[in-house]
Ligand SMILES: O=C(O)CCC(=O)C(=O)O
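One chain is shown next in structure tokens, namely the form predicted on its own.
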Amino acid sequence: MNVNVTANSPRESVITAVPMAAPLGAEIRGVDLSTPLTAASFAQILGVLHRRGVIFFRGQNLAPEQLAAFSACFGELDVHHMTEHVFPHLPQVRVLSNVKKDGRSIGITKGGMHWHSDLSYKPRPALVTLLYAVECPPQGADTQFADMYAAFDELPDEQRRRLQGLRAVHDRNYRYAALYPERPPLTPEQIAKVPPVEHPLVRIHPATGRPALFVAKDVVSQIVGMSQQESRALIDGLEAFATRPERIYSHKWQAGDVLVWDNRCTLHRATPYAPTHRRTLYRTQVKGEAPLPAVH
């Protein structure tokens, strides 16, 4: 059922949230993100994000500065630790693209084609991430999301209780070379800049109070206190359970889309597309908090 939100002023349009058939995801209609939002309008948008985990807006026409301004409504913008392919005057906005200019890529290519939560390997992982589509392939290149609330809720009771007492090691360097063989190897300075961190295997969302699994097999190297064999079996099994088709929303991009997701309760990944098609997106991310552990 659609959620209608009446704005404060009669001059403002009515915001409509249309949930997707998947357990997460909603399209927000009636919003022009190129102009400042009222506090009431943003509060309604944020409420939908908290309920659905992923939201998107179609038909937007944004300059990088406008994307950054909307992104800042969610909190303090972050500058990615991999500082290439950003706008020189606006390093908070990163370019993802397979387009080349003068023989060089204008953006990051083939990123994130594995399940992950952005910057989970930092002491303060990303809160939300935003992508704005400048140009899209006619097919392929979907972005998929997994509902980590549902993944935790649907585990057996005994396993839920056991997982709430565990901590996991998130390590950007763990499988970086295997995931990105086309990129230059990380330098010693880059490796040292992002050391492994420990986070709870089950985190509590500070706004909703709901527990969510916080694990991804290509980023989490170890469960604290377990052998490597036990760790891998648990990590791999939890990701496979969390990413079953019934828990997935797959976003089919259109030029002008703005997609927002909450990294505290979702995993996501990019999917392939024909390299003959152009694809360019602008990306921002908002600083989050240290994950809160679930308690028994």
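When you see a residue number, it is the position in the sequence shown, counting from 1. As the structure is a prediction and not an experimental result, all values here were calculated from the model.
The protein also exists as the form predicted in complex with this ligand; that form is not presented, and the subsequent description refers to it.
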*Look at the stretches 70 to 78, 107 to 115, 149 to 157, 215 to 223 and give the one with heavy atoms within 4.5 Å of this ligand in the predicted bound form.*
107 to 115
*Using heavy atoms only and a 4.5 Å cut-off, decide whether all three of Leu96, Arg279 and Arg283 touch this ligand in the predicted bound form.*
yes
*this ligand: the contacting residue among Val260, Ile248, Val48, Ala270 in the predicted bound form [heavy atom, 4.5 Å]*: Ala270
*Since exactly one of Leu131, Ile204, Val86, Cys136 fits, which has a heavy atom within 4.5 Å of this ligand in the predicted bound form?*
Leu131
*Using a 4.5 Å heavy atom cut-off, state whether Thr143 contacts this ligand in the predicted bound form.*
yes
